[in-house]
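Next up: just one chain, as structure tokens, the form predicted on its own.
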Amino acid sequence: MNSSQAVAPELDASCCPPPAAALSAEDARQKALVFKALSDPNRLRLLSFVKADESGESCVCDLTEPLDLGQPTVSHHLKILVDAGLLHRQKRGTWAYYSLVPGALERAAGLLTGL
């Protein structure tokens, strides 16, 4: 045999079993969606404003001034938080109101423990 030819060792399935509790592709996608939503300082602030509101919900019209951002930008950030399952959106007339999804922050806090 030529020394430039590599000999592939026979693979023994018992030597390298797949990890027993590996994260599925869908679970990883879902967790990454939440991490991405939480990775922006403006979105973290939005969550804190909604959580701190005594009524349990905030109108998008009340969230633009504290962030010093335009309504379209705030709406974009809020959509990401809704898509990640952290906020719930309810349309009333021309305004949208946002509230925390029950248990969402607790689930987000536990995401790393499930790895």
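All of these numbers come straight from a predicted model, not from anything done at the bench. All residue numbers are counted from 1 along the displayed sequence.
What follows is about the form predicted together with another copy of the chain, which we do not show.
Check your understanding: Can you check whether Gly56 is within 4.5 Å of another copy of the chain in the model of the complex, heavy atom basis?
Key -> It does not: once another copy of the chain is placed as it appears in the model of the complex, Gly56 has no heavy atom within 4.5 Å of it.
Practice item. Verify the contact flag for Gln90: yes if a non-hydrogen atom of it lies within 4.5 Å of a non-hydrogen atom of another copy of the chain in the model of the complex, no if not. Key: Gln90: no contact with another copy of the chain in the model of the complex.
Practice item. Please run the contact check for Lys36 against another copy of the chain in the model of the complex: heavy atoms, 4.5 angstroms, yes or no? Key: Output for Lys36 is yes: heavy atoms within 4.5 Å of another copy of the chain.
Exercise for review: Indicate whether Asp40 is a 4.5 Å heavy atom neighbour of another copy of the chain in the model of the complex.
Suggested key: Yes, Asp40 sits close enough to another copy of the chain in the model of the complex that at least one of its heavy atoms falls within 4.5 Å.
Check your understanding: Check Leu44, Leu47 and Ala109: does every one of them have a heavy atom within 4.5 Å of another copy of the chain in the model of the complex?
Key -> Yes, all three are in contact.
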